[in-house]
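Encoded as structure tokens, the following chain is the form predicted alone, with no partner shown.
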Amino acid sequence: MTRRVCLIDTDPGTDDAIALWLALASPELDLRLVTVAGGNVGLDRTLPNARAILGLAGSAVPVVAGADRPLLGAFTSETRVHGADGLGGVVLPEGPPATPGIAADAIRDLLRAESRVTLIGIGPATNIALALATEPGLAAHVAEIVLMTGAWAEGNITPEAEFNAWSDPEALAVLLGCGRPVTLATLELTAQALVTPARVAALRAAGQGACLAAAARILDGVPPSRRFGHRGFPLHDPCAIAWLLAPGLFTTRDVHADVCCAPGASRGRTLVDRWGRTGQAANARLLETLDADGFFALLAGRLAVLR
């Protein structure tokens, strides 16, 4: 097996925790680095959360702190979904210390050392954007950028904007314009990964490990979404990881994507040209449909191997 060298940039976050465990459980991914920003909650919580998530899995992957604010303005926490602590009140044992340094520097160091690195962003894009904007030549070492961000229809933090894109649209614009392949898992895709009580029960029944049990407890604590008739809630971030593991679960479309960086009600809106109406060349692959049963089977099977 040829393993894909990658890093994950994250803001844990309930769904970030599940995504990190999925990546750690997957031998296809050679995870070299986890970088952390504020976002779902502040950096003072996301950093210890990331350390605890990796620690519970017994992982020695370096965790490096990054941006505590976007390129402009400030992050706004989403405690209604993730709770004040970011993990919905689920307490994990304290993880190993963070690796000293700054996330953007660590990302650049990895890109200098490796010729093909997949950058996985499941939070605001600040850390990755800082790394590429300050040394643009390193984009040549990026194999692919996979982002859970954006929406082509309706937002989840404003009527038009998805949370990660809205948190730092300037950073997302840097990644969309960097010239490397970008894959987008938008809200329309992640809505198909609907967590229901039956799916949580199936996940819990898949094994006895501490990570699996913690994942089930975290998912139990996320409030069901009014948008889905309180039947469940979408599991956003693991979709980005699943794309790299099982692309056959997805259908895709090549699109031109941009993001609104202007102030006002449309800030953070992602403009996804699904039908080529603008005539602009495609700069992104849009994940359109998901085999949800296959996705949750993959998730349960992988998490069951963790300790």
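The first residue of the sequence shown is number 1, and the count goes up from there. If you're wondering where the values come from, they're calculated on a predicted model, not measured in any experiment.
Form predicted in complex with alpha-D-ribofuranose: not shown, discussed below.
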{"item": "Heavy atom within 4.5 Å of alpha-D-ribofuranose in the predicted bound form - the one residue of I122, A215, L119, A131 that qualifies", "value": "I122"}
{"item": "All of D16, N156 and H236 within 4.5 Å of alpha-D-ribofuranose in the predicted bound form, heavy atom check", "value": "yes"}
{"item": "Location of alpha-D-ribofuranose contact in the predicted bound form, chosen stretch of 236-244, 66-74, 278-286, 256-264 [non-hydrogen atom, 4.5 Å]", "value": "236-244"}
{"item": "alpha-D-ribofuranose contact in the predicted bound form: L219, any heavy atom under 4.5 Å", "value": "no"}
{"item": "Contact test in the predicted bound form: A104 vs alpha-D-ribofuranose, heavy atoms, 4.5 Å", "value": "no"}
{"item": "Non-hydrogen atom contact V90 with alpha-D-ribofuranose in the predicted bound form at 4.5 angstroms", "value": "no"}
{"item": "alpha-D-ribofuranose contact in the predicted bound form: D168, any heavy atom under 4.5 Å", "value": "no"}
{"item": "In the predicted bound form, residues of 150-189 near alpha-D-ribofuranose [heavy atom within 4.5 Å]", "value": "N156, E162, F163, N164, L187"}
